[in-house]
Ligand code: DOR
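Single chain ahead, by itself, as structure tokens, in the form predicted alone.
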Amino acid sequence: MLVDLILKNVKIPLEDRIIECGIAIDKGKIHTIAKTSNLPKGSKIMNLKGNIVFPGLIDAHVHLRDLELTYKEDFYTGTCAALAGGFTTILDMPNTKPPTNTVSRLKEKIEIAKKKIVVNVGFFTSYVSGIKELRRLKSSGAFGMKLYPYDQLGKSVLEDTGIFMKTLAANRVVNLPTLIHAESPQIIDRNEKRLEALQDYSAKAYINAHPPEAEIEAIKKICQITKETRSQLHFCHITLNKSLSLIEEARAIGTNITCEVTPHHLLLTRKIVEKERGNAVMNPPLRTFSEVRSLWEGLIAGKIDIISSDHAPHDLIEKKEKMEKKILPGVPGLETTLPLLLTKVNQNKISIFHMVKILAENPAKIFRIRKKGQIIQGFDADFTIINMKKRSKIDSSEFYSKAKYTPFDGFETIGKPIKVFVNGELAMEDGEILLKPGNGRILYS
């Protein structure tokens, strides 16, 4: 038999060891994993020279913008950023303009994305009422429902226990995960009104409007309701040790709860806001050194299921506190996540095997992304090739993303993605995007 492509001299992190082998790819799928001498013949052969091969990485929390927000990001620039950062699959959040909250809007988004994307892309929906509409959204491709405390509909759902319980129950019937941005709307509203009266719109004021108590109170309430409904729930961007403790308590009695953390909450403290100002404003905000340390402990202990970038690009002028009444929260993350984490692998802070789980295997399982997240015969041939010793310096001016800023500017990193394969095609090599717009694939739940 003659297959499309042979990758030889590869190293695959598998469970607790690294295996040296080759991979045969045919029709976009993994055909064989074996010693090179045992592989079928290939039309093409590529020597990966002993570099590490990850399953194609998955970012389950990305804001690609587009639609009426193309000045911030669009499906092409955002997915180019994903490729440059080593990600082959991303799930796009629904708080676009207009929001993704109907079947027609989801289909419109998909049609626009089809012409631009260069990686695999799936979509979430925001709040929708009624099982019939939920079924239609899921059959149209939605991977889950995201609820926000500052979106008017999401806020009303999170504040009303009865409606929230009905929403979780409906999502359980449809087998649709519920994703939560866990902050108390009441606490945030109260703090924002106080700061508005003081006319304080600084970066520090934004952080003070989103205190730890807002996250803790929201998670307490949501965990209690989830215990009763037994639905699948995923907490986005957790920032506190107490939050992890509450989640662990809920898991101990059998609730189906998972959670994520972002690189910026793992690596930065609120002290950096003095230097970076608006560029270091995100939601939830950065916390103290003690909380950062606790998040790392939770990650290593397996309490945190995935790392997501929460790639949230804005125009630079929207990040300058003197130019805007309110600084818009969010930082780009698709091009910084992997180099930052690989640096921690090189520093023995986290194992390479754990990285595979939290950046590929676990997100595929949690959101039921079929045939992705593992290097297994029959799975899609998505791979992220890593040079573990390549040294770089983060420079936002070189981003593919339209958002040319990051609080990580100037950070020196060790380890970088050097090649990316998407569905069997070489899509990125040494930072160059090789696929044309529209060569990515829309994913359906």
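Just count from 1 along the sequence shown to find any residue number. Owing to the predicted nature of the structure, the values given are computational and were not obtained by experimental measurement.
The form predicted in complex with this ligand is left out here; the points below concern that form.
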- [ ] Look at the stretches 414-422, 58-66, 43-51, 29-37 and give the one with heavy atoms within 4.5 Å of this ligand in the predicted complex.
- [x] 58-66
TODO: Note which of F75, Y148, F143, F235 lies within 4.5 Å of this ligand in the predicted complex, where distance is taken over heavy atoms; exactly one does.
DONE: Y148
Task: Interface residue in the predicted complex among A218, L137, L176, M282, criterion: non-hydrogen atom within 4.5 angstroms of this ligand - done: M282
- [ ] Spell out, yes or no, whether the shortest heavy atom distance between H181 and this ligand in the predicted complex is within 4.5 Å.
- [x] yes
Open item on the list: When the contact criterion is heavy atoms within 4.5 Å, does N101 count as touching this ligand in the predicted complex?
Closed with: no
Task: Distance check, A312 to this ligand in the predicted complex, heavy atom within 4.5 Å - done: yes
Open item on the list: Can you work out whether N241 and this ligand are in contact in the predicted complex, taking contact to mean some heavy atom pair no more than 4.5 Å apart?
Closed with: no
Task: in the predicted complex: members of 74-112 within 4.5 Å of this ligand, any heavy atom - done: N95
